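Next comes just one chain, in structure tokens: the form predicted on its own.
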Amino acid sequence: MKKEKIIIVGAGLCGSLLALRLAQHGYQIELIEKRPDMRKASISAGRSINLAFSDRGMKGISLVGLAEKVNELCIPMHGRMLHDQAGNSQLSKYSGRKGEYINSISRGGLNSLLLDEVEKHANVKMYFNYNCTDVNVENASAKFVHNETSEVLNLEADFLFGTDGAGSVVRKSMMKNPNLLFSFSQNFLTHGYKELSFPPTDNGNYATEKGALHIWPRGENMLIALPNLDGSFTVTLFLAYEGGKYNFNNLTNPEIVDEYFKEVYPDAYALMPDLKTEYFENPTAPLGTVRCLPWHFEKTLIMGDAAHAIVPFYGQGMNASFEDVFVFDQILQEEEFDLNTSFERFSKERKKDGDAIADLALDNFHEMKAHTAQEVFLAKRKLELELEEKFPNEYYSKYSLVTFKEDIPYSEAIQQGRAQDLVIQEMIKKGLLPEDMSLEDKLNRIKKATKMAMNNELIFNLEEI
């Protein structure tokens, strides 16, 4: 049986993986991207050069048979390297279990690999430099205009996917449709971000520890750094637009930028010879969360950032998008390749997980910029690592539930993880997990209180648990 024809708007990470999987199933695919082919054009500076890649993302990559090739692009990061203002550093491991870590991966390298694999399929046509200007979401047709020649391309298909990012034209077309009651919100943080770098040392080595995600938590603002394969680090400054002594609105000349980094991030400053040039050449970008409902209408479905763009603080944006493809593929096969039913099921069943990872990412923003340096948080992490090492199958921290327990939906991970965090921190504050108590007794006490918290039972007397 000949499979349906499908238009995919957006050839970023989500769209490329989706196109590859649907091409493997035999669908006729037309994949359209508004940007030039990244394999032939350089990526603009300052825009998400590398990303955190973990187990949920690997599910999607393994689905299309690319795990081995993708692993070659990865740099393992075993924990957070926390840097204080005096220049001291401390590694906080991501997991107490052996072999659990996240990876730094090049966005461009991964996207290019996916496009190369898509291109191998004769049932796929790819178009670059075509901007989508209009979508008919009811009959799966769309209009595109070439960015340089103004050539108009009108495409029609049986179904259409919007994987065109946070500013999705497909989503906007759904929103404008008079036959659809469409709910939408876009909420921005008071902070923005700017990408900078640590270059390799003169002898080509990494300027600081390669096997960690580096964080400089400073209360309301922070700096992070992820390693690249060429020996450099991509450094991201997260800073408020206004308020406080320093903000994006008052860092307006090289002298004050120099002063800010020397004062607030002295050890990082020493590794940034091109700071002032990069600061003013690279853009400052906002941080926002997109929520909408429904994700499908008639012959059109959105996924990835088009449906649930999130802030980057759990390292799950790309992973959530890849998991979208994995979940959709499961549903598609369960529904015996009925796309109408699959669209409806995916939209309903995946929505709660999109909302959950958005909430988790916002939670982690506050944790990374401030809590990672607090004594109670550090004590909680120490205990959790000990529990995961001693009882690897019985205890998972909130971070591990989200990052390494990929068979648990985000919506379940957030419920259990938040309850555990609350219980452990309260018990530590009240001295209810003393050093002389065995790890097994601590685990049992935590599990009992967590279960009560998850059942919305009010816990007044933790001492009695």
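Being a predicted model, the structure only gives us computed values, none of them experimental. In this text, residue numbers run from 1 along the sequence as written.
Missing here is the form predicted in complex with a small molecule; even so, the following discussion is about that form.
Chemist: Counting any non-hydrogen atom inside 4.5 Å, which residue from I29, I61, A52, L401 sits next to the small molecule in the model of the complex?
Modeler: Looking at I29, I61, A52, L401 one by one, just A52 meets the 4.5 Å heavy-atom criterion.
Chemist: Quick one: find which of 162-170, 330-338, 86-94, 183-191 has residues within 4.5 Å of the small molecule in the model of the complex by heavy atom distance.
Modeler: Comparing against the small molecule in the model of the complex, the contact stretch is 162-170.
Chemist: Taking heavy atoms and a 4.5 Å cut-off, does R107 contact the small molecule in the model of the complex?
Modeler: Yes.
Chemist: Considering non-hydrogen atoms and a 4.5 Å limit, does the small molecule approach K34 in the model of the complex?
Modeler: Residue-level check for K34: yes, a contact with the small molecule.
Chemist: Quick one: is L383 in contact with the small molecule in the model of the complex, heavy atoms, 4.5 Å cut-off?
Modeler: L383: no contact with the small molecule in the model of the complex.
Chemist: Verify the contact flag for P227: yes if a non-hydrogen atom of it lies within 4.5 Å of a non-hydrogen atom of the small molecule in the model of the complex, no if not.
Modeler: Residue-level check for P227: no, no contact with the small molecule.
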